[in-house]
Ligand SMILES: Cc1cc2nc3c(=O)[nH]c(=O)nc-3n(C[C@H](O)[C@H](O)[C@H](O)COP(=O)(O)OP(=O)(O)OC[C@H]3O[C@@H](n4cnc5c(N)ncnc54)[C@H](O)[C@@H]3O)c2cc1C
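The chain below stands alone and is given as structure tokens, in the form predicted alone.
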């Protein structure tokens, strides 16, 4: 029997998934801690869209596995179903040139896709009316998850697997022994562990400050809205509408969910672990902007109005790729963060990869491009010294 202890910091979907996969690998004792309730941060404010058609080989391989795991979880978790409606990635002619270069990569990695013109998109989904110049890249394996279904279902599952969840416990420091991270300090007392895994989101700089760890991460405010129920049923895929700077999908109860970027808005600097995403706000005119931008694409949107608004943060690394894996200078310490706008999409595989690093030493997918050790310290300092607007960050949507 494994007598080791793992401490997972952060109760969002990345932390929940990590704890789940550690338990599946029979690691030993697993403690998950969060400064608030589980799922109270960005995870509950996510769009939940997932596509496997990303921009790098590592991204494609990891998302391919993530989609497999979502389908397995859909069978395993009570009260959760992955909505496999496909994911339609829209491009205008200029942006299509860059994405078209990736088609050989998708073919080589056996990731299915279809290229659709506007007429074909209208034929398949009569509720859609894309501009004539739009190109659609359909991921037939893509889709979405409802956060309000997935988070409690996964939380309940890990409880049944014997994982201890400690909510409302803020990490205030770390226990060190001979250069190795051996646990965490909290207001409720110290927690020792053989593996410490940080999966916190925008609070990462503040949480890791006692370890003298600094990563090139920037956070941006993002907002998404859900309509009142539609009067007629609508059939559309999940849509990453890149030319419109946002996305739209179906939501529970015959609703629509849509989100949009605020390109001119500067990064949001989190300065304290006391920060909560309820402190964020979005310009009121964004609701009208979404209607203006998206009604031509999804005309039925004109027949309803917004019912709810959720505002959170999306977090990007300097090169736009996630930060995931062990930290070489701190044995016993692992991190998974900066999943751009795709934390929900990555979470099944991110948890598996982190568990494999902890238990097996190496994951089954080479994720060295995600390594926390890939950044040059001078470049990190220079990047963090700048103030970036969202339009200047690498565009990474789900």
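Positions refer to the first chain, counted from 1. Computed from a predicted model, the values in this text were never measured in an experiment.
Another form, the form predicted in complex with the ligand, is not on view; read the next lines as being about it.
- You can rule out all but one of 196-204, 80-88, 299-307, 209-217: in the model of the complex, only 196-204 has residues with a heavy atom within 4.5 Å of the ligand.
- Note on the partner interface in the model of the complex: the residue among 59, 372, 41, 363 having a heavy atom within 4.5 angstroms of the ligand is 41.
- Shown alone here, residue 312 lies within 4.5 Å of the ligand in the model of the complex, counting heavy atoms only.
- Interface membership of residue 13, defined by any non-hydrogen atom within 4.5 Å of the ligand in the model of the complex, is confirmed.
- Residue 265 falls outside the set of residues with a heavy atom inside 4.5 Å of the ligand in the model of the complex.
- In the model of the complex, at least one heavy atom of residue 170 sits within 4.5 Å of a heavy atom of the ligand.
- Proximity to the ligand in the model of the complex holds for none of 21, 157 and 351, with the criterion being a heavy atom within 4.5 Å.
- Counting a residue when any of its non-hydrogen atoms is within 4.5 Å of the ligand in the model of the complex, the hits in 211-233 run 222, 223, 224.
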